[in-house]
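There is one chain below, alone, in structure tokens, taken in the form predicted alone.
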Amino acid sequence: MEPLPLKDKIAVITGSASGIGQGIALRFAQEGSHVACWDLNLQGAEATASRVKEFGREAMACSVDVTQSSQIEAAAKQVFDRWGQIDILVNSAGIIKANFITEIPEEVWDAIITVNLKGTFLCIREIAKYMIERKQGKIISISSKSGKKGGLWLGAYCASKFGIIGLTQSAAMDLAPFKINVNAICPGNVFSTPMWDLLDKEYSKKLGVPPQEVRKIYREKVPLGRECTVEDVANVAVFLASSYSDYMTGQAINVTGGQEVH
């Protein structure tokens, strides 16, 4: 891969205050991109933006609730007004909660579907308008291995992540005439994210084991024998954001160590 494959590209990354979104923001900066860090947690987004600048790139932080179209529109305009273009969108904002199917509160279902799926749709809908004008762009959404196969106590989360894959395929067809590539990444279990601090407790209940044993059980399910890392996901994100993926669209790429292969 050429040096700085994302040189002077403008990337919008949701959920970039922590976890996968933050990791992708920092990796994109290393590869030459300027980054707009979007997150509901403005302080966290600002911290990520500061780290982006340490790589010699430009950055801005925006407080954005991805479930609110008015906030997305305002933030997108702010990005465009500053840089005059938007080349890359990464949809990484997401939430998770584990409940047995008869015990999923309606408000939990609504929250997960709204943040994970509707939020991804709203961001694609808005950012694609800027890409269509220039007839180029890369859209990457973070789905999950749970977007390929249903999981125990994960009805709402799986529904949202399966939905992202369907949305990716459909948006790819709509936007192909404008040379805009739309793809998804399906990571395995990324233990280093804040999400897993919650899941250790919830998964211990569904598996009937102490919280400290949960990760060992999930790690043993992976053919390559280890958990997924933020760096594993960021590696694929760089490829999908670069010109090397120009002939790929509508794909949902597994980054699961062999746990999912379809």
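All residue numbers refer to positions in the sequence shown, first residue = 1. Treat the numbers as computed from the prediction; the structure is a model and nothing was measured.
Only in words, not in the display: the form predicted together with a small molecule, which the text now covers.
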Whether residue 194 contacts the small molecule in the predicted complex should be assessed with a 4.5 Å heavy atom distance threshold; does it?
yes
I'd like to check something about residue 26: if you look in the predicted complex, is any of its heavy atoms closer than or equal to 4.5 Å to a heavy atom of the small molecule?
no
Could you confirm whether residue 69 comes within 4.5 Å of the small molecule in the predicted complex, counting heavy atoms only?
no
Looking at the partner-bound form in the predicted complex, is residue 41 within 4.5 Å of the small molecule by any heavy atom?
yes
Looking at 131, 76, 93, 124, which is the one with a non-hydrogen atom within 4.5 Å of the small molecule in the predicted complex?
93
With the small molecule left out of view, choose which of 165, 113, 190, 104 has a non-hydrogen atom within 4.5 angstroms of it in the predicted complex.
190
Out of 49-57, 214-222, 194-202, 27-35, where are the residues with a heavy atom within 4.5 Å of the small molecule in the predicted complex?
194-202
